Each structure stands twice: as C-alpha cells, then as structure tokens.
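Next up: just one chain, as structure tokens, the form predicted alone.
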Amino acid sequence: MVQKYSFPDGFWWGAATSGPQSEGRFHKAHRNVFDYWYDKDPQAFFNQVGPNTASNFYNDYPQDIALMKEIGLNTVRTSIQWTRLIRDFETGETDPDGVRFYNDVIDTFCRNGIRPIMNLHHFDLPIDLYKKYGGWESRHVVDLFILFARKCFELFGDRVKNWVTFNEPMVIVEGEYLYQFHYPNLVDGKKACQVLYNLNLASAGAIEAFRKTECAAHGGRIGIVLNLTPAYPRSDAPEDVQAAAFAEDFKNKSFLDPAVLGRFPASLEKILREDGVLWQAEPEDLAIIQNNRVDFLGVNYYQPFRAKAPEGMFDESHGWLPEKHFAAYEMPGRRMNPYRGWEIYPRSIYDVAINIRDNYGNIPWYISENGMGVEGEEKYRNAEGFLEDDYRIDFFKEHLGWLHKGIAEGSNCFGFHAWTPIDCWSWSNAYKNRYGFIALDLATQKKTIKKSGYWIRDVIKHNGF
C-alpha cells in the first residue's frame, strides 16, 4: 500500500463532542436553554427526542472512553457544563457531584492516554441567566462566565493543559438572534450585534483569567473554536465581491480577528455603525480584547458560504439583518450532503489553512470539527450487523488531502478532530443525522464501532494514509 499523506509528528488525531450533547441531564444542578426549550416544546425536536439521556456519557464514560482508546484517538474535546458544575452562578459555588464527575472524566481520559481538551461553552447558557438578565445580551453574564471559567481552571488546570473558551460563538448569534434555530428564537439584528460583541469580550476575559493561573505558567494553552465558512463571491462583478466581503467580515472575521489579532475588522465596524446596529462598548473593553488573544485556534469546517449581491429592496419588516448586504448563492452543480443540506467542498479546508498562514500570523491551529452527518444510517449495516460508512471515510480522505496540502505549504496546523467520537444528540435535530466513529443504538444505548472507526485507527497508527 502506498501512503500518500503523512502528517507532522505529534499530530492530534481525535474527535469532538460536548457535555450537553453527550452526558444527559442526570443530577444536573440547573437547566440550560436547550433543557428548558425541550421541556417547554418537545415537538420542536426531531422525533421529540430531547437531551435527557443523550448518549448517556454521564453513566457510561468509562466504557465510552475505552472505546475511544480502542479506535486510537490521542485527543478528545468535550465541554464542562456551566449548569452541571456551578450551583450558585453569582458566587461561583460549585456542585459537588459536578466536580466529582468532571474530575473522574478527566482522570479517565488521562489514564487511557487521551489528552482532554476542555471547552467552557457549547451553546448551553443557563436558562436562569437568560430569564434574569437576557443571557449574552448582558455584561453581567459576561462577568459570571469569567467567574465560571476561573473555577474550571482552578479545579482542573493541573491535568487539563488545553482549554477552549467557546465553541462556534457565531452560532449563538445566528441561532438565537437571527435565524430562529436556537432558543429563544428571536429575530433581532441589533441584539445579535451586541451579543456578538459580548461573546468576544467574554472569551477575552476568560483568557485574561487563565493567564493568571498555574496552568498557564506551566505551559498550558487556551484558544477558541470557530466555525469558519469561507465566503466566495458568485462572480468577479464588484457588487458580488463586495457582498462576499461583508459576509466574510460578519460570519468569520467578527470572531476570528478579535481572537487572533485583538481587534474587530474596521470594515465591519464601519457598516454596522452606518446601519445603526453597532454594539455598545466600554472604554476598557478594547484593551481586554487586544491584550488577551488566543494561544491557538480551533476551526470547525463543514461547508463554504457562497454570496451574491442582494437582489431587489431589502425587507425591513424584521429590522436590520446581515442580509441587507449579501444574499446566499446556490452554485449550479455543487455537491451536497442531502441529509444536512450543506455543500461538500473540501478545497475550502486548504483555503482556510492558507488564510491563517498569510493573514493571521500563522498561529498554531487545528481542525476541531469536520464530519459527514447521515440520516437513516442503519441501512448501511451488512448481514453481520457491521455499519459500513464508506461515505464518511471518503469524506474524511478528501478533506484530509486538502489539509495536507495546506500543511505542506507551511500552514501551522497541528491536528484533526472529527465530529464526533460517538453518535450524539444534536440540538433540535436530536439523532436525525449520525456523525460518529462509534454507533449508538438509541433504544438500548449499546455502542459499536463503525467501519470509519477502524479506518481512523489505522490512519492514527500510521500518522497518515
């Protein structure tokens, strides 16, 4: 067998999940926004399946982590739930069972030779903080998040050396405040921009707290995980190029630039100011953002964004929306994942690599999520019951090939994480689309390795394919 792609020594080969999507709600001190939404409106969730059990990681973590070891993963990202760890949000008083659980999980990862990467926020805002303060609309919630982060560093920083402040903060902005796919399902562009700003500030504030810890003093690192959807114009026409430039500013650079460069894009600020939706900021904020940039970057890449100039007059009935300046373009002949409605365009992973190399100081970065979600995956089981997900293997091979090209051309990428190790609960989609290397039988909670799990084990063994 000829090995075409070899990756750098020490490469992170792993997968990502999250607390709210894997643990279940067992013994949690509080509800997050998704727990609340499910309790209030279970019909909003695919097959009315909510987060109560998820993939039962709260109870099954020893066996689950053993399966992750069996397929060779050397790193795994998950998250610490604010609603599980903290009993009193205002004082930071911890919940004893939450502390015990996360200590046990971290210790089990370490015993199995898997490096844990711990994320502090994965869309799981405590509902109490939304009801009382408006959630991420509130500066006070920013302060409470920093207090939570500090508790995590104090409790677990002796063993966890790689931290993440937020997963996909743009999804909070879009899902909760623009496009109605996360609770509270608002359409409010002004609030969306303030939330965008506050999330950047919360991330910088958590980094500032981290830098004062023993973990940071002894080589620990902290980063952020962003879903980057590179914006491509429909054509070379100036109006399409301009539309794609704003889409890039809003969807990608609004978090990427503050995290890595310590400032917001001037072109984005200019347009938001002209449109009357620029965020409120305090004088000391910019210094916090400027002085507390990430040590590394995680990139979740699934799909590109194709933009064209808006056609016709902008509909003002919902107030300001980013679509005032661009429209989505469906490129003829594009490849699609029909189950998810997303374009498959592996070359973007190379474009991301070169963009980071050339425009972001070649900061250390890794692919923190990439994956192929498929509905009705059980139909791919063979006569012996083995799930043959060759489509997932092919998807990863294509993306890793383009990632390898970016690394070969000097981009400072140190790892690749798939979404996800074990089929997990996915917000209002629940278990509609499966992504894991390891299959979950929802009725029995039995977990079995798929063909892709054995494939990734071989890739990791050879550090390439």
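When you see a residue number, it is the position in the sequence shown, counting from 1. From a predicted model like this one, the values you see are computed outputs, not experimental measurements.
Another form, the form predicted together with ligand BG6, is not on view; read the next lines as being about it.
A.B. asks: Picking from 39-47, 26-34, 59-67, 419-427, which part of the chain touches ligand BG6 in the predicted bound form when contact means heavy atoms within 4.5 Å?
C.D. replies: Comparing against ligand BG6 in the predicted bound form, the contact stretch is 419-427.
A.B. asks: By the heavy atom within 4.5 Å rule, which residue out of R234, K161, R357, R340 makes contact with ligand BG6 in the predicted bound form?
C.D. replies: That would be R340.
A.B. asks: Can you pick out, from F156, F148, Y302, Y197, the residue that has a heavy atom within 4.5 Å of ligand BG6 in the predicted bound form?
C.D. replies: For this set of options, the contacting one is Y302.
A.B. asks: Wondering, does D389 line up within 4.5 Å of ligand BG6 in the predicted bound form on heavy atoms?
C.D. replies: Looking in the predicted bound form, residue contacts with ligand BG6 do not include D389, since no heavy atom lies within 4.5 Å.
A.B. asks: Is F123 close to ligand BG6 in the predicted bound form, meaning a heavy atom pair under 4.5 Å apart or at it?
C.D. replies: Yes.
A.B. asks: Please determine whether E369 contacts ligand BG6 in the predicted bound form, using a 4.5 Å cut-off between heavy atoms.
C.D. replies: Within the cut-off, so yes.
A.B. asks: Does Q21 reach ligand BG6 in the predicted bound form if we count a contact as any heavy atom within 4.5 Å?
C.D. replies: Answer yes; at least one heavy atom of Q21 falls within 4.5 Å of ligand BG6 in the predicted bound form.
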